[in-house]
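This document opens with one chain alone, in structure tokens, the form predicted alone.
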Amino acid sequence: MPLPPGPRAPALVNLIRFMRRPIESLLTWQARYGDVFTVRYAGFGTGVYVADPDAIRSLFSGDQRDLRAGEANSFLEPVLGQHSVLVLDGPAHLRQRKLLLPPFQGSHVAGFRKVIREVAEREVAGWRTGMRLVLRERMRALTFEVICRVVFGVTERERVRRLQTALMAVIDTGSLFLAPAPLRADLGRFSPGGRLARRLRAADAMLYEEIERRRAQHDLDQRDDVLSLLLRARDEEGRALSDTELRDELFTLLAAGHETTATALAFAFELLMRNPGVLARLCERLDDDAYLDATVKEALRLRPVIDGAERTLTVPREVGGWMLPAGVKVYPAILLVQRREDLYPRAHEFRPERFLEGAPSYSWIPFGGGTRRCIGAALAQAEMAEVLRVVLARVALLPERAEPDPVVLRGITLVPRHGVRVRVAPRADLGAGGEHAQSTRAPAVS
């Protein structure tokens, strides 16, 4: 079966171009080849991007038996484990998902907001006028502590520090996850694979220790952290999660819910600094939950952390007017569908107001969709909203760079190349127009 047209450059050239300029590359290919196009990447194979909302709806809401999303994440299995909801497909995936969902819904997420505010307030309390920060790094520290308290139920500073040391050592080896299997092999203490294996053993020891400690606590039934809720959870047959399953899901929640939220927050602050009018309106309406949530959604629309979801076809299937063969990877193009001019007029502009009246179906999908939609989506949005509220109420942030931070690909996520470097200024110095008295108007981000 012929595949849709796409760039004819060698696969390695496509990969390098995409890693260096992912947003520009995808938008250029879409403009040239349409809403369905094929790209060949060195190391990742051939994939078909789909930026048509109707086709995406079919992929997310139709029969899922012929689609494999867990298979696409199989390279994460050595770290996340074989029971991770990210690497499973079929009935096994649905079982894990049903057990994981309740702690991330409704009243539980509402209760987590107080914890998020407390962590954010403690972080900002350490910022001083004139201090220079790399926002993505500060947000990583903040979101890790949120994960420790919300997911692990750990509040003691020393235990948080030990968890951070052990778990972040593994997360920071992320580039090795994408390497061929021989390079990940444990060839001794000085090999990359050996270093990763040691870090994994240390992290696993910490996770199993937390599971054992929590199970032994007398107030387990009264606790509302995610680990306690998962220890009490039972599937339809009355089975609890094993310690191995708990370990895998805890590591997954950390990997998927910590780094990505930190990056999304860095992007959100970057967009606000480059759009002083929006910043001024938000600072005046920090108690307006609707406008704050709209700002979060608009930031995730313009700067999704993942450029596309992924499904692998197990049988031939019609997608966006093309009959695609089995084995092809299909990418519902998050970044592209969220920038369609017919769905989002003046799509390159940062305008939260557009979300005060909702969004077109299957056109806002930063967390994916269907039965694979990110379990922690509500928590991530709540975390972003509360952190923005706390920071903007207390300080002004000035960009250190004259131009917006370029977006690049690291691992499998889109990130600001320089981490969004800022200088802290007094909150009172933010003028009515959203500009700092000592700054000049910065260009809007496209």
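Residue numbers here begin at 1 and follow the sequence given. Small disclaimer: the values here were computed from a predicted structure and weren't measured.
Omitted here: the form predicted together with a small molecule. The next part is about that form.
K.L.:
Okay, which stretch from 81-89, 286-294, 162-170, 202-210 lines the small molecule in the predicted bound form, with non-hydrogen atoms inside 4.5 Å?
P.N.:
Of the options given, it is 81-89.
K.L.:
Wondering, does residue 359 line up within 4.5 Å of the small molecule in the predicted bound form on heavy atoms?
P.N.:
The answer is no: residue 359 has no heavy atom within 4.5 Å of the small molecule.
K.L.:
In the predicted bound form, is there a heavy atom of the small molecule that lies within 4.5 Å of any heavy atom of residue 153, even though the partner is absent here?
P.N.:
Answer no; every heavy atom of residue 153 is more than 4.5 Å from the small molecule in the predicted bound form.
K.L.:
Can any non-hydrogen atom of residue 380 be found within 4.5 angstroms of the small molecule in the predicted bound form?
P.N.:
Judged by the heavy-atom cut-off of 4.5 Å, residue 380 is in contact with the small molecule in the predicted bound form.
K.L.:
Is there a heavy atom of residue 252 no more than 4.5 Å from a heavy atom of the small molecule in the predicted bound form?
P.N.:
Because a heavy atom of residue 252 falls inside 4.5 Å of the small molecule in the predicted bound form, the answer is yes.
K.L.:
Contact check in the predicted bound form: 257, 305 and 366 versus the small molecule, with a cutoff of 4.5 Å between any heavy atoms. Do all three pass?
P.N.:
All three within 4.5 Å in the predicted bound form.
K.L.:
Of these, 149, 93, 274, 329, which has a heavy atom no more than 4.5 Å from the small molecule in the predicted bound form?
P.N.:
Exactly one listed residue reaches within 4.5 Å, namely 93.
K.L.:
Name the single residue among 264, 337, 279, 227 that comes within 4.5 Å of the small molecule in the predicted bound form, judging by heavy atoms.
P.N.:
Going through each option in turn, the one that passes is 264.
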